[in-house]
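Below you will find one chain, with nothing else, as C-alpha cells; this is the form predicted alone, and questions on how it binds or moves follow later.
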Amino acid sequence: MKVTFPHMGNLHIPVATLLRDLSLEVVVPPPTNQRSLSLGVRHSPESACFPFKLNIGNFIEAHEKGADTILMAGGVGPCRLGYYAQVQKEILRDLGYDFEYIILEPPRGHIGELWEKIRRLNGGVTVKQVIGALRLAWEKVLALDAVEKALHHLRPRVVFPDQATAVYRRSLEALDKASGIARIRAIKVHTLDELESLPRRGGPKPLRVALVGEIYTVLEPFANLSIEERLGKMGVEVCRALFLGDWIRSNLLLDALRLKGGMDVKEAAKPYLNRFVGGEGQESVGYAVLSARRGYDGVLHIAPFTCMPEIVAESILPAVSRDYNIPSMTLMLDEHSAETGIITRLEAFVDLLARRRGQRKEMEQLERIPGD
C-alpha cells in the first residue's frame, strides 16, 4: 500500500509524518503547480469547485509516482467537500486509475469509526503507536502555525521581505525531516529567532488586513496566487483568520468529543448569520466582525468561485463593512483567475486602506488642536 493525499498549504508535512510513523509507505504529490491544475481541469466537471480540480491533479501526479491508495477527508453540511471523494473516485476509475479510497469523515463523537479506518491502513498498528504518531504530527502543526504567524507579522516590517520568506522555507524543509519532538521544538525556536534577527525598516506601522474565507483557498498558496506573500511585500501585515491547527482542532479534536469550538467567532457572526451554512461561511463573517473590533484596516475575503457557503458570506460582508466602517473586498478564485488582475485589485485595495488611515490621522490631529 502506497498512500497519498491532496495538498492544502503545509498539511503534507504533519500528515506524511503521521503516516510514516504508522509504518506506511507515503507518496506525497508534487507541490500543486500549473500541471496539477491542467490535469484537474481537463478531467473534472466544469462546474466543480477549484479545490476539487486541484485535488484531481494531485492524485494523478501521485499515481505517476506509484501511489495506489488515497486518504481523503470527508465533510458535513452544504459544502461540496462532503461528496468530493465519491465523485473523484468515479472520475479516476473512469480514467483507469485503480485507487483504493479511504475517506476520513469528521468523527462526530464516534472515535471507533476513525480507529477502524486507521486499522484499514495498517492492521498491525497499536494504540501506543498511533498516540506517538499523533503527538509528533501535532507538534509539527503547532510549529508550522507559530512560524507562519511570525512570518506574517515580520514580513512587512523587515528591510528585505524575501529574506523572511527564505528563512520560512528553510524551516519547512527542516520540519518535514524532523523525527523527534525535541528537534521540532528546536527548529521552531531557531526559526523564530532567525526571523526576529532580520533588519527592520523604519516608517509607520504596516496596514493590518484580516484574511478570511474558505480554508483551502486561504491555506493553499497556489490556489490564492501567494496572496500573503504579495501583501507582505506591499507592506501589509496579513492577519489570517484560520491556521492549520485551528482547522484540525475544530474538525477532528473537538468534533471527536462532540464539543463546539470557535464560539467567540460564532457569537460575533450571530447578528448577521446565526446558523451553520457549511464550510467556513459563518466563520468568515464572524472573523470579519472581530477584525473590525480589533482595529484592523481592512478585510480580504477569498474563496473558490461558486462556493455556496462563501457566497453567503460575501453577501453579508457589505453590511459588516457598513456597520463597522471597515473596507472589505472579496476575491473569487478559479482556474481563470489572472495574476495581473488579482495584483491590480490588491494594489487598489491597499491604496484605499492607506488613504483611509492617512485621513483618520489628519482628523485626529485636528481634534487635538485647541479651539479658538
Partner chain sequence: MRIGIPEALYYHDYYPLWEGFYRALGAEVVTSGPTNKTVINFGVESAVDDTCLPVKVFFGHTRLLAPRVDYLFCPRLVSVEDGAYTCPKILGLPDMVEQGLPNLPPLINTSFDFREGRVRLWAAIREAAKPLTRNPWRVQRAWKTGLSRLRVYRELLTQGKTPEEARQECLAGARLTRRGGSKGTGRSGLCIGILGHSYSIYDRYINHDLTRRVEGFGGKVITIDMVPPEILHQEAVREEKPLFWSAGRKNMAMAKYLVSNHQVDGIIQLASFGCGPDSMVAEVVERRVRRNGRVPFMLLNLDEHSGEAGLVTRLEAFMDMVRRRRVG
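Being a predicted model, the structure only gives us computed values, none of them experimental. Numbering follows the first chain given and starts at 1.
In what follows, reference is made to the form predicted in complex with its partner chain, a form of this protein that is not presented.
J.: With its partner chain left out here, work out from 27-35, 57-65, 316-324, 335-343 which stretch has heavy atoms within 4.5 Å of it in the predicted complex.
T.: Every other range fails; the passing one is 316-324.
J.: Is Arg170 one of the residues lying within 4.5 Å of its partner chain in the predicted complex, judged by heavy atom distances?
T.: Arg170 lies outside the contact set for its partner chain.
J.: If you check in the predicted complex, is Pro51 within 4.5 Å of its partner chain, heavy atoms only?
T.: Although its partner chain is absent here, Pro51 would stay clear of it in the predicted complex, with no heavy atoms inside 4.5 Å.
J.: Report yes if any heavy atom of Leu273 sits within 4.5 Å of a heavy atom of its partner chain in the predicted complex; otherwise report no.
T.: Output for Leu273 is yes: heavy atoms within 4.5 Å of its partner chain.
J.: So, in the predicted complex, is Glu105 in contact with its partner chain at a 4.5 angstroms heavy atom limit?
T.: Answer yes; at least one heavy atom of Glu105 falls within 4.5 Å of its partner chain in the predicted complex.
J.: May I ask you to choose, among Tyr84, Trp247, Tyr296, Phe99, the residue with a heavy atom within 4.5 Å of its partner chain in the predicted complex?
T.: Selected option: Tyr84.
J.: Hey, which residues along 29-52 are within 4.5 angstroms of its partner chain in the predicted complex, non-hydrogen atoms only?
T.: Result: His43, Pro45, Ser47, Ala48, Phe52.
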